[in-house]
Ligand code: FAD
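First comes one chain, alone, set out as structure tokens in the form predicted on its own.
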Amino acid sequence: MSKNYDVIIIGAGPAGYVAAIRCAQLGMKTACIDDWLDKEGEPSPGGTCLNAGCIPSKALLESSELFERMQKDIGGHGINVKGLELDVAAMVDSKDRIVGDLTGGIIALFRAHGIEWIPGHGQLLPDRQVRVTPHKGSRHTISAEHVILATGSRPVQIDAAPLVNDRIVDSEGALNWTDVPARVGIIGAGVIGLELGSVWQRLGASVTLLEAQDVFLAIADQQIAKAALKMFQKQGLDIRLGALVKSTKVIKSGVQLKYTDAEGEHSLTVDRLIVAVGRSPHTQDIATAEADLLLDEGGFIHVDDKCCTNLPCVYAIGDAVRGPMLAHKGSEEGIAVAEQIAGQNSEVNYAAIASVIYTKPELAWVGQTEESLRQAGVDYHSGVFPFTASGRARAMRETGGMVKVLSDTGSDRVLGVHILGVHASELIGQAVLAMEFDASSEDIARTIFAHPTLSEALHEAALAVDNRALHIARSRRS
């Protein structure tokens, strides 16, 4: 006889494990299934985010930034460093320890909340039955009143660049190199490509990014994106737009690429190549054909505004469904679904979800861009304040970038905030709060910010919406 639960979650990434914890908090008998294995072949919850994405990449970004600052920037603070050495293997080990601590913490949270943690593969059957193929033990079936699918995403692979050992790798493979290649090629200059490119460029590699699109960071506000591109190029990142990779070949001296752009066909030889062209939903074998789960042509699970699938009492959340592939978006969907199952009225505000690129400078934004507002025919005002005019940024010797506030011309309601600069990932939270409360730019302008802080730049950008910024010679407004 199969074991029965109130809720079964398939997937223990940021969407799935958070959903499991919230279900347990609400008094439901909960099980969570996940098949991720770490380097030693041991079960490791946390999904891509904790194991091979958000956390390990940020660990290496932090370590590589410290190394670069000690090499290049620290002298400006009156600090001289001699005998600086790089130990990439130790850096990777540190990253792995951080990952281990956090994934172990999830197991501890499951235990504390009485959640049954089932390492293995889960597959949806008809009538909310779930077939479990455990890493250890025999296959069996369990059932629940409700099932939440949270299987996440995986790197997109392309025919032009099949993975080959450690020579041609995806984003996960690029986090585990223990030496610095002289030449690194990256297919894709989006979020993942820029972050990985930054890591290896800081550590000493010559990095070339080949981006098929003609526009740099098309998802971002283009004033911000164009400023960022200039800063990245000044750092030494070779970013080639409109570059479509046609083929790759592993040769004795490295990897040879053939690509085309507006000027014709080109060849590029690198020591190692990273394929970072995006991610796709990890929904293969998520359900049997008899379960009749509806997926769209892109492999995403079809859901409505409440994350309900076409099957009764079966939900889907996170990267496996529509919307941005962001850990915090998936977590909030997990919370909302858990509360809906418990009879509460909970929803996700998709208009106020921040996006961040953890380069140097960081990029962060929430809401609409100027381009999307123009396309929608919305009248807006724009206020911009550069970090060059920030006392705190000058003290930090981090004056690159700006804060930009977009507000509705009629109501003055904040429609979007875009930040390029140091600690943008932290500053954007203030903008998200403002938008959650339907704040106007005047609300931000009338708020007292501590001095000297980086967040004063948000205050000044809000003032600039009405052409009255205080610390630049002329406010910028459109």
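Not measured: the values here are computed from a predicted model. A residue's number is simply how far along the shown sequence it sits, counting from 1.
Heads up, the form predicted in complex with the ligand isn't pictured, but that's what we're talking about next.
Review point. Does residue 120 reach the ligand in the predicted bound form if we count a contact as any heavy atom within 4.5 Å?
Key: Answer yes; at least one heavy atom of residue 120 falls within 4.5 Å of the ligand in the predicted bound form.
Just checking whether residue 449 would be counted as a contact of the ligand in the predicted bound form - the rule being heavy atoms within 4.5 angstroms.
Looking in the predicted bound form, residue contacts with the ligand do not include residue 449, since no heavy atom lies within 4.5 Å.
According to a 4.5 angstroms non-hydrogen atom cut-off, is residue 33 in contact with the ligand in the predicted bound form? Yes, contact at 4.5 Å.
- Query: Can you check whether residue 358 is within 4.5 Å of the ligand in the predicted bound form, heavy atom basis?
  - Reply: Heavy-atom contact with the ligand at 4.5 Å: present for residue 358.
Q) Based on heavy atom distances of at most 4.5 Å to the ligand in the predicted bound form, which listed stretch, 67-75, 229-237, 299-307, 322-330, is the contact stretch? A) That would be 322-330.
query = Can you pick the one in 10, 469, 458, 21 that has a heavy atom within 4.5 Å of the ligand in the predicted bound form?
reply = Filtering the options by heavy-atom distance leaves 10.
Report the residue, out of 424, 49, 434, 415, that has at least one non-hydrogen atom within 4.5 angstroms of the ligand in the predicted bound form.
Here the answer is residue option 49.
- prompt: Considering only 151-170, what residues come within 4.5 Å of the ligand in the predicted bound form, judged by heavy atoms?
  reply: Heavy-atom contacts to the ligand in the predicted bound form: 151, 152, 153.
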